[in-house]
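Take a look at this single chain in structure tokens; it is the form predicted on its own.
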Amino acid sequence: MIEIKNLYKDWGAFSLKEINLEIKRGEYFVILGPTGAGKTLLLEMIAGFHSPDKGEIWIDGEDMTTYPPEERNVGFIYQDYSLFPHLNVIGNIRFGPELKGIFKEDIERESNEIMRLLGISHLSHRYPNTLSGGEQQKVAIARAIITRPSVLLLDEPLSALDRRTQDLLREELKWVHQIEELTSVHVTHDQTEAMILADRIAVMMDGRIVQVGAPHDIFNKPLNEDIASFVGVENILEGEIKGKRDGIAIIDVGDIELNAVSDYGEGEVKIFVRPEDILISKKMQESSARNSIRGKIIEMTNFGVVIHLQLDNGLIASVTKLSAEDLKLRIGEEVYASFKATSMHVVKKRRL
């Protein structure tokens, strides 16, 4: 549906570098990355707001690289809504099709249907400055999809909203995407947003696409330490594979050996373990957890329903508040941190 081939654009202080992506028809595709990674610039390139220095952008089997935005049949939803303040809700929604000269009867039917779909029919004669942030974003969504675009581009569409409204609108976006059978490209730095919405995710850093995959692969099998740190893999260990036993790699990480499922049979490696994959107990675990390391709690950080534990051996574990209370966990206590061989993601250590 969307093919980006060897895309390069230099703005002087920043550049997009050799971007290659293929986005499938009907896919909800998320571009995830930290602030300043170039996510919005890439989205604007797809929309036609910038011309590449080299490379191609194909949409629905046609080379659109030199086409202006109005000829690409894309809808764009902005972070700040970008509604026309002098037009009411119905005026904002109908602006695009009226500009295209679509029959009045068709516009009326389509706009009424979309407002009903998004639950904003009762707001039709209100003006943007009288609406909440969530209501404004619903109007922006309606305005973007009424022209039936072949591609819907979303630039951090939920970042300006409170947490509860974000939760509600995430569900609405997913639902509208499915109902309208849209091909959606959504830019965000919010990992929860990406995990919930995406069919696939492209991680972007410093103007490059560094990994593409299903949400599970991105968050559990990052390709390198930079990606791992960004997606919340707080346990990054270094070691050396000493061999294999029953298909399990034996990894020397200094004073202990760890067992991990790995394709590698030798060499220096990095080991990634997510905090939520670590089980905390007061006794050594005799279970399917292949690794159990003793440590002392030196810090406890409360995140509401979840508590992060920092151990003196360098590990960080995430436990529920209820589990912490049941175990009577306190700073200074010795505990065992256990994790399965399958919870460890092993990559070759990069040579500098």
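No experiment lies behind these values; they were computed from the predicted model shown. Numbers follow the displayed sequence, beginning with 1.
Unshown form predicted in complex with another copy of the chain; subsequent notes refer to it.
- Checking 186-194, 130-138, 104-112, 251-259 against another copy of the chain in the model of the complex, the stretch whose residues place heavy atoms within 4.5 Å of it is 186-194.
- For the candidate spot formed by S229, E276 and V305, every residue has a non-hydrogen atom within 4.5 angstroms of another copy of the chain in the model of the complex.
- Checking R245, H125, R163, K282 against another copy of the chain in the model of the complex, a heavy atom within 4.5 Å turns up for just one residue: R163.
- Checking R170, R200, R208, K270 against another copy of the chain in the model of the complex, a heavy atom within 4.5 Å turns up for just one residue: R170.
- Another copy of the chain in the model of the complex is not approached by Q310, whose heavy atoms all lie more than 4.5 angstroms from it.
- Proximity of N291 to another copy of the chain in the model of the complex: non-hydrogen atoms within 4.5 Å are absent; the residue sits far from the partner.
- Heavy atoms of K296 never reach within 4.5 Å of another copy of the chain in the model of the complex, leaving it off the interface.
- Proximity of N235 to another copy of the chain in the model of the complex: non-hydrogen atoms within 4.5 Å are absent; the residue sits far from the partner.
- With contact defined as any non-hydrogen atom lying within 4.5 angstroms of another copy of the chain in the model of the complex, the contacting residues in 326-344 are D326, K340, given in sequence order.
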